[in-house]
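Listed next as structure tokens is one chain, alone, in the form predicted alone.
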Amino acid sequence: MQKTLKKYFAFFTLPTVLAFITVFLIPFVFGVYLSFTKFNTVNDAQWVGFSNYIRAFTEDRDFLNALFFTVKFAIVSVVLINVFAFMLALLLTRKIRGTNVFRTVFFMPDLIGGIVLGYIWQLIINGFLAAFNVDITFSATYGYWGLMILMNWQLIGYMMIIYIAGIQNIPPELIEAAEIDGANSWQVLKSVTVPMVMPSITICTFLTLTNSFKLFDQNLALTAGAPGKESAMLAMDIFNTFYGRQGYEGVGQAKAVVFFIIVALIAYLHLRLTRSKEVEN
């Protein structure tokens, strides 16, 4: 069997490798090159060195504002989403009638597209704020918490499903042994459940972290960066720079490379930190 697999390994992996190289690797390398050039189209690129990176951090304060806004949003959303998802998972792994229905209902928001969610929550939040004669674009604070509510509503159910799978994978004898030793519910949760669910925590925190940084369509539909680009996140700022400012295509590409480095570095550090705390069954 092993000889057969090795014989046809290249045959079955070649389409995926070619697709990865064509769709991701080549455009990524070319994009990094374009970040060091000034261009209107890819055919007229002129090398300018680190000029685009310098302009991104010195001439354009919107980029730094979007970076701060995104980091602040990512930190709070990762904590809230995972805490609520874990609490729901604990509740729905108990022997309660109708748990499958609740799981389905909580998961359903993740099936709705980000643009649709953005416009739906814009209507809901503006309907509430109409009583105060303002809307969600009145302040960046309103946009921040609007995005927070939207992100939590969309992802909590998805993360809940992953936590449920992790909790159900805990050997029952471990919990029984802890209870026999006199551990109360809090001690069982802290010393047994959480350590055994660390692989699920790693996955969920990684997904919420990367999704929070890459948020674009919800941001576009809910606030579009208003007022005055104060609620624009990194992805939207890069989009606005590249497509909305003539002569700034290279700067937008430089921002995209910086964005990739930030997300990749944070994701790597996060995985190193959380994987070191995982335990084996």
Partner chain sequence: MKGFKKLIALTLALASLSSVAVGCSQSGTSSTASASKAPAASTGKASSGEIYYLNFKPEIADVYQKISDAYKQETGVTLKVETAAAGTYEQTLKSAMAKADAPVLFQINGPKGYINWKDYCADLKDTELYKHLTDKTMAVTDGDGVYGIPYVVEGYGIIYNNAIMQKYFALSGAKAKSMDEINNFAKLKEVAEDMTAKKGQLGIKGVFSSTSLKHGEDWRWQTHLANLPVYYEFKDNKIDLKSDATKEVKFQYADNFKNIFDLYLKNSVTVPKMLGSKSVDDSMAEFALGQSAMVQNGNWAWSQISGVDGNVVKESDIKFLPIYTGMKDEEKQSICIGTENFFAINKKAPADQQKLAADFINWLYTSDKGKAFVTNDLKFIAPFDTFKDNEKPTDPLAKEVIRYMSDTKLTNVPWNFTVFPSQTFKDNFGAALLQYAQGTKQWNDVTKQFVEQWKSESGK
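Positions refer to the first chain, counted from 1. Every value quoted in this text rests on a predicted model; they were computed, and no experiment measured them.
One more form of this protein exists, namely the form predicted in complex with the partner chain; it is left out here, but the text below deals with it.
Next item on the list: Check, residue by residue, if V105, D110 and I201 all come within 4.5 Å of the partner chain in the model of the complex, counting heavy atoms only.
Entry: Zero of three within 4.5 Å in the model of the complex.
Next item on the list: Mark F242 yes when one of its heavy atoms lies within 4.5 Å of a heavy atom of the partner chain in the model of the complex, and no otherwise.
Entry: Yes, F242 sits close enough to the partner chain in the model of the complex that at least one of its heavy atoms falls within 4.5 Å.
Check: T58: heavy atom within 4.5 Å of the partner chain in the model of the complex?
Finding: T58: no contact with the partner chain in the model of the complex.
Notebook entry, point to check: Heavy atoms within 4.5 Å of the partner chain in the model of the complex: does K7 have any?
Noted result: Contact check for K7: yes, within 4.5 Å of the partner chain in the model of the complex.
Check: With the cut-off set at 4.5 Å between non-hydrogen atoms, does N126 touch the partner chain in the model of the complex?
Finding: Result yes; N126 sits at the interface with the partner chain in the model of the complex.
Notebook entry, point to check: With the partner chain left out of view, which of F69, F63, F213, Y248 would have a heavy atom within 4.5 Å of it in the model of the complex?
Noted result: That would be Y248.
Note to self: Just to confirm, with a 4.5 Å cut-off on non-hydrogen atoms, which of A224, A235, A45, V48 contacts the partner chain in the model of the complex?
What the structure shows: Selected residue: A224.
Note to self: At 4.5 Å between heavy atoms, only one of the stretches 87-95, 178-186, 131-139, 163-171 reaches the partner chain in the model of the complex; which one is it?
What the structure shows: Comparing against the partner chain in the model of the complex, the contact stretch is 131-139.
Check: Mind listing which residues of 7-37 have a heavy atom within 4.5 Å of the partner chain in the model of the complex?
Finding: Heavy-atom contacts to the partner chain in the model of the complex: K7, A10, L14, L18, I21, I26.
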